[in-house]
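Starting off, we have a lone chain in the form predicted alone, written out as structure tokens.
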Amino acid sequence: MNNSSYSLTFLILALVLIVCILANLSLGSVAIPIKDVIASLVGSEVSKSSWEYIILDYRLPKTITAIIAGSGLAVSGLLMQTLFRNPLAGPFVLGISSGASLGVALYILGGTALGLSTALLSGKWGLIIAASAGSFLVLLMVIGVATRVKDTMALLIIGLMVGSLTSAVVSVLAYFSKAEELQRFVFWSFGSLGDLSWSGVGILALCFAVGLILSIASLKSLDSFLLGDAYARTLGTRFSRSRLLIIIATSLLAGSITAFAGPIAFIGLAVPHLIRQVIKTTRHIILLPAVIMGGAILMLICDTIAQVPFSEFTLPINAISAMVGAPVVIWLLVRKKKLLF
């Protein structure tokens, strides 16, 4: 593809993203006309004052959270698939999501199983802090292992083992917990994009920005990793430093998103593959912005479906992301015979 083809593809992605944003803001239990959505965003007069409140105080923070979560998970998936040169690698192969789940499990379920009290750290922020602490502890462990283990595949296996270990601890905690505590943990595991205030969105956006800057700083290293570890070293890539930078970027993105929105599967795994079907290049300077836009689009579509327009029901975003995305990847595999990588 030449530069004009890339420009056309990015233009189409941008237009689809704008349409998805407007649809996400417009649809829900209360249907709001697009013209009133735009009027609210630009500060003009809206037909009903309640619509302006719904858009600015509830739907807009949720839409921005969806954009950040989709983009961040998609970028994390791209980084992991390139680092491990494995098309099945996703943002959670390092155990970051499992660490967040363990932190929340200790917070919610530990009160009964370990005789701990959560009275000092109650509410939504308690969940966020517990998930962040779990992700951060796993991050520290992964960084420590990464500085000692030189084999990238060994690091991948260690990450999977960390995930299995934390899942086992969560299962033990769940076994000894009360029914209401177990229900609360299960609801957290469904994932949610609509529980954040503007201050929460601001903190999440800051974590996303730092992770994205580190990802951009790794673009040249990512291109060289696709050629193999030995060849990357001959090109002058500082292998250990670059690998550590990519791991920190992924941990920041996936860890913060899991802490604020819960575990959201599939987006990080599928979006890089979907984008590679549209943009056939291995240059990460082109793939990265396309993956950012693709992740945001897919997450907005999933969230719009999860809202169940014109009804009072809201479905788990974690389930919808898999139900919408998995058939798409299966169709691509059947049509293309193999994933481009």
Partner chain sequence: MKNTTLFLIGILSLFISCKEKSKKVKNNESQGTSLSIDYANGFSIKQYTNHTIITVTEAFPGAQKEFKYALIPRDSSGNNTDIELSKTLEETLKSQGVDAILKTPLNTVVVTSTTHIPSLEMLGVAKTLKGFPNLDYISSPLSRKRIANKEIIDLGQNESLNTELTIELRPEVIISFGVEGENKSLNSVERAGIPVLYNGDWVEKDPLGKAEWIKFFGALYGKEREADSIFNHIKTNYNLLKEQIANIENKPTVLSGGMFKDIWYLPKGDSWQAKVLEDAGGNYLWSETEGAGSIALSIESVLEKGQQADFWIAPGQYTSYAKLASDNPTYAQFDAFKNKKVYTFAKYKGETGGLLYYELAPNRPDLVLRDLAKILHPEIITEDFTFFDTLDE
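Between two forms, the rigid core is the largest collection of C-alphas that superpose within 1.5 Å. Not measured: the values here are computed from a predicted model. Positions refer to the first chain, counted from 1.
Same protein, other form: the form predicted in complex with its partner chain, not shown, and the subject of what follows.
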> Any of the heavy atoms of R184 lying within 4.5 Å of its partner chain in the model of the complex?
Replying inline: yes
>> Can you tell me if I108 lies within 4.5 angstroms of its partner chain in the model of the complex, counting non-hydrogen atoms only?
In response: yes
> Does P87 reach its partner chain in the model of the complex if we count a contact as any heavy atom within 4.5 Å?
Replying inline: no
>> Check K48 for me: does it contact its partner chain in the model of the complex (non-hydrogen atoms, 4.5 angstroms)?
In response: yes
> What is the one choice in S192, T82, T166, S242 with a heavy atom within 4.5 Å of its partner chain in the model of the complex?
Replying inline: S192
> Among L156, C207, L127, A232, which has any heavy atom within 4.5 Å of its partner chain in the model of the complex?
Replying inline: L127
>> If contact means a heavy atom within 4.5 Å, which one of 175-183, 69-77, 95-103, 266-274 is the stretch that engages its partner chain in the model of the complex?
In response: 175-183
> What are the residues of 8-37, in order along the chain, with a heavy atom within 4.5 Å of its partner chain in the model of the complex?
Replying inline: G28, S29, V30
>> I55: after superposing the rigid core, is there a C-alpha shift of 2 Å or more between the shown form and the other one?
In response: no
> Does I64 count as moved between the shown form and the other one, where moved means a C-alpha shift of 2 angstroms or more after fitting the rigid core?
Replying inline: no
